[in-house]
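Here you get one chain, nothing else, as structure tokens; it is the form predicted alone.
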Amino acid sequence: MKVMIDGKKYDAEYGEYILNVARRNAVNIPALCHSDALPGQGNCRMCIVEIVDKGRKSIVASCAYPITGEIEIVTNSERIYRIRKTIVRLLSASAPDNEYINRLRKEYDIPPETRFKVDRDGKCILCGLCVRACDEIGVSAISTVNRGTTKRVSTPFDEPSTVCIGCGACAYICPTGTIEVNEDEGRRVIWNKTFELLKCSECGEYFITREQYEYIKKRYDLADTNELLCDKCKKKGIGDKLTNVLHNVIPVQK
């Protein structure tokens, strides 16, 4: 089907999110909490756009609005600019040192904040990606706690979680670098819990916690193995196998 974005027609699949269509066609829509791995979050609201769908105008989060028919989308109207500017100010008050948000402050010509209370030590924008990632993995070690201005992400009672496997997915997906992960001498510390790291059998680099390894083995019913390979060495192994296959298929030129 066809959709109209800022006056130009683009192809879209049924159910595809507006943001995906825009990015595929190099239409710029700012977004902070969007992840291709966990789409449809829509919490930071940075990616809002104006749409006309079945004759009705509305403002939606483009990362969470599925296309189900031919609609018209405006990404940069005066109304959108004004609302997005306020959103940038609010996010900036929560995470004042975030590089991406500060770039947007300049782009939207926002002066030093005087309206909203700025948390100088703040980083988290409460987008919820970390909690969702943990849930998707099937661990659910963290969640949002409290309400209003004291709302935050934490482990139960701020204690080291008994179910956390130390995979670091929450930190990896966090758009503002809020979650700290410290690694030193075969140990990883995250959410106030220390994990033993296991080495790759090939390159010898630490890459996975023992709890994460045991969790994966149990979840996918894998047998014990003496060979643990990091992603880099797995890819190298596949590459080497393909090279051997090609050498056997393609005659070597002399």
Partner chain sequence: MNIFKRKVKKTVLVCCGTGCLANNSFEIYKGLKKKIEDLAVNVKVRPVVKATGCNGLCEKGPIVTILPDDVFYCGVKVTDVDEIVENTVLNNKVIERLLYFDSAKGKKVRSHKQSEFYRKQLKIALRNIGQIDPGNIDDYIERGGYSALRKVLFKMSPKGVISEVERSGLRGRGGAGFPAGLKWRQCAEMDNFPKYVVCNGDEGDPGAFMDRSIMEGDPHSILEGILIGAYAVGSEKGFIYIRDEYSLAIKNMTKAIEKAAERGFLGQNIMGKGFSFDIEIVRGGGAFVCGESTALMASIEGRVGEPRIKYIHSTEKGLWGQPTVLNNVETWANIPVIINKGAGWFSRIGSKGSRGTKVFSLVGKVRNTGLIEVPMGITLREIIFDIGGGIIGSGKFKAVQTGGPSGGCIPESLLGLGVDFDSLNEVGAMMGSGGMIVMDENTCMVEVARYYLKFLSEESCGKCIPCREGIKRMLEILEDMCTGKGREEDIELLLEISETVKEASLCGLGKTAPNPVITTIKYFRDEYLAHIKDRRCPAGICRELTVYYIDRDVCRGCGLCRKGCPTEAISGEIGSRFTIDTSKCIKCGSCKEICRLNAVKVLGGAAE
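Under this definition, the rigid core comprises the largest set of C-alpha atoms superposing within 1.5 Å between the forms. Keep in mind that what you see is a predicted model, and the values were worked out from it rather than measured. Numbering follows the first chain given and starts at 1.
If you look for the form predicted together with the partner chain, you will not find it shown, but the lines that follow are about it.
### Query
Every residue in G42, A64 and G148 with a non-hydrogen atom within 4.5 Å of the partner chain in the predicted bound form?
Every residue of the candidate spot has a heavy atom within 4.5 Å of the partner chain in the predicted bound form.
### Query
Can you say which of 193-201, 64-72, 223-231, 206-214 gets within 4.5 Å of the partner chain in the predicted bound form, counting heavy atoms only?
Flagged stretch: 64-72.
### Message
Just to confirm, with a 4.5 Å cut-off on non-hydrogen atoms, which of C164, V153, A93, A169 contacts the partner chain in the predicted bound form?
### Response
Residue within 4.5 Å of the partner: A93.
### Task
Mark V27 yes when one of its heavy atoms lies within 4.5 Å of a heavy atom of the partner chain in the predicted bound form, and no otherwise.
V27: no, not in contact with the partner chain in the predicted bound form.
### Message
in the predicted bound form, does E107 come within 4.5 Å of the partner chain, counting heavy atoms only?
### Response
E107: no, not in contact with the partner chain in the predicted bound form.
### Task
Could you confirm whether A31 comes within 4.5 Å of the partner chain in the predicted bound form, counting heavy atoms only?
A31 lies outside the contact set for the partner chain.
### Query
Hey, in the predicted bound form, does T114 get a heavy atom within 4.5 angstroms of the partner chain?
Close contact exists here: in the predicted bound form, T114 approaches the partner chain to within 4.5 Å, heavy atoms only.
### Query
Which residues from 67-81 come close to the partner chain in the predicted bound form, meaning a heavy atom within 4.5 Å?
Just R79.
### Query
Cα of T155 displaced 2 Å or more between the shown form and the other one, core superposed?
No, T155 moves less than 2 Å.
### Message
Could you check, with the core superposed, whether the Cα atom of T75 shifts 2 Å or more between the shown form and the other one?
### Response
No.
### Task
Once the core is aligned, please say if the CA of N182 is shifted by at least 2 angstroms between the shown form and the other one.
It does not reach a 2 Å shift.
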